[in-house]
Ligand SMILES: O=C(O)CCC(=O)C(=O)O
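The chain that follows stands alone, in the form predicted on its own, written as structure tokens.
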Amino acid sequence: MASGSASKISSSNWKRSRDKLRLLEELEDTWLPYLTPKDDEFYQQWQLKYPKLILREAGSVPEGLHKEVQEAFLALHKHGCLFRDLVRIQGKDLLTPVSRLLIGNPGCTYKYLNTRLFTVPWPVKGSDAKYNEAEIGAACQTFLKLNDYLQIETIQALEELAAKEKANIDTVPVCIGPDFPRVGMGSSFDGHDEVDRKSRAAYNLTLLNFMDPQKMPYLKEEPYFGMGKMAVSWHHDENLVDRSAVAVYNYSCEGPEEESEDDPQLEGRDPDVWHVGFKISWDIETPGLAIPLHQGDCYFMLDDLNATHQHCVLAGLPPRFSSTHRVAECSTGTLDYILQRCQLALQNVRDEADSGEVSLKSLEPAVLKQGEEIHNEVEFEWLRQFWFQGNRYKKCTDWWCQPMTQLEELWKKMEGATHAVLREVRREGAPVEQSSDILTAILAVLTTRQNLRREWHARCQSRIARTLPVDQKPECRPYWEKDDPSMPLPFDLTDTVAELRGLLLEAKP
């Protein structure tokens, strides 16, 4: 599984890179056009080409909620809970300019740029999360409250969009400030639509972002439109339920004196103000949009907008926080899921004998292959992802300590199961055909394991990894030395894989 998902990710990265080069070649030395609110056709273009992008200005959000959310951002920042991620892009490790924290349903994870983030749980009913500081717990409670608010707003925005599409008229204002009436609400939708809208707005986590541009002098320039410095490059949000919405709360820490009108002499977007940029993917005809974001503004990407369009975040002068609420596609990304996978793999293991030696119930090649694939999934999608991020999660909560200990114990049992498989194919007098079928089933999975171990080990030793603070330094875990008596197999499987290749050649007629 790990190898399949890795190749899928690398091929999509390659395609993205190829498309970007093609687009830049087509542009040569010209900029594509883009619009800001200073342009006469800005709102018309927004309605026409970006109707699924909705802005709620700060004045339409309850004042008390603004105060709570902004205090929660500052509390998490004070306690050092937001971290730059060491992500993997086209085979290179890069440190994100933005610091992040994932908060959400207990046991959920969210994967982006080959990096799995683990939620600091918000206190949903039945949650037993304990936080290192009362302020951290209060902040998580606040983001759950913001999540509930944005969910209601998203459902209303989806109703308005549905009403607009049904009527096929442009009556719904895109930008809804405190004085705009709501339009298109009503009960003209059947129950199925209502359920669908609720599921598309059922945010299960939020990814918090923070950046101070004054401490990031090396930000990239936006490459297509000449929009200026980017905090986050053009992208689609990854790992989301199909056609689900994304809601973003913006808190750029500007003072009241900075909330002045844009300089009319200035061409393009004001570089002092944070903006979100939008463009239709790989379209060089339609102008892009640069939308200024002020303290407390919220914007929503509805329906398939995230799939058909790309967005970027354009840096302003002041530090900025955001809370980006998502419906993460969690079918293979929850603690419950991976524990069930472990249970499935270990169904084939008999209770250990007194000697500690593992024996297997079935030598069916398909069963053995499935067990080894789950073994890889636990090791590379969970254990190594978690420990690559050091001890950062302990800054907020100890929630993940016990589950990771449990996963490591289950993974170790799988090492014992692999050892039992190898013992069987090496056994003198083992039926040649059976050994050949088993080797054919597991060799590719073990080769992947060896390659990925080598890659993760190298990533943990990289120059950029060594620059991180002690509590964020990547840890190569699980790791053990060659003669560790507690481990049935070596960490380095090079010799094992070579031996199995030789056995397979011998077994083939």
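Quick caveat: nothing in here was measured; it's all calculated off a predicted structure. So that there is no doubt, residue numbering starts at 1 and follows the sequence shown.
The next section is about a form of this same protein that is not shown, the form predicted in complex with this ligand.
K.L.:
Counting only non-hydrogen atoms, which stretch in 143-151, 197-205, 334-342, 229-237 is within 4.5 Å of this ligand in the predicted bound form?
P.N.:
After filtering at 4.5 Å, what remains is 229-237.
K.L.:
With the partner absent here, would 346, 376 and 413 each sit within 4.5 Å of this ligand in the predicted bound form, counting heavy atoms only?
P.N.:
No.
K.L.:
By the heavy atom within 4.5 Å rule, which residue out of 358, 248, 86, 439 makes contact with this ligand in the predicted bound form?
P.N.:
Looking at 358, 248, 86, 439 one by one, just 248 meets the 4.5 Å heavy-atom criterion.
K.L.:
Looking at 324, 385, 96, 127, which is the one with a non-hydrogen atom within 4.5 Å of this ligand in the predicted bound form?
P.N.:
If I apply the 4.5 Å criterion carefully, the residue I get is 324.
K.L.:
Do residue 244 and this ligand share at least one heavy atom pair within 4.5 Å in the predicted bound form?
P.N.:
No, residue 244 is distant from the partner.
K.L.:
Does any heavy atom of residue 425 come within 4.5 Å of a heavy atom of this ligand in the predicted bound form?
P.N.:
Output for residue 425 is no: heavy atoms all beyond 4.5 Å of this ligand.
K.L.:
So, residue 209 and this ligand: in the predicted bound form, are they within 4.5 Å at any heavy atom pair?
P.N.:
Because a heavy atom of residue 209 falls inside 4.5 Å of this ligand in the predicted bound form, the answer is yes.
K.L.:
Find out whether any non-hydrogen atom of residue 100 is located within 4.5 angstroms of this ligand in the predicted bound form, and reply yes or no.
P.N.:
Flag for residue 100 set to yes.
K.L.:
Scan 292-325 and note down the residues that get a heavy atom within 4.5 Å of this ligand in the predicted bound form; none is a fine answer too.
P.N.:
Read in sequence order, the residues that approach this ligand (within 4.5 Å, in the predicted bound form) are 299, 311, 313, 320, 322, 324.
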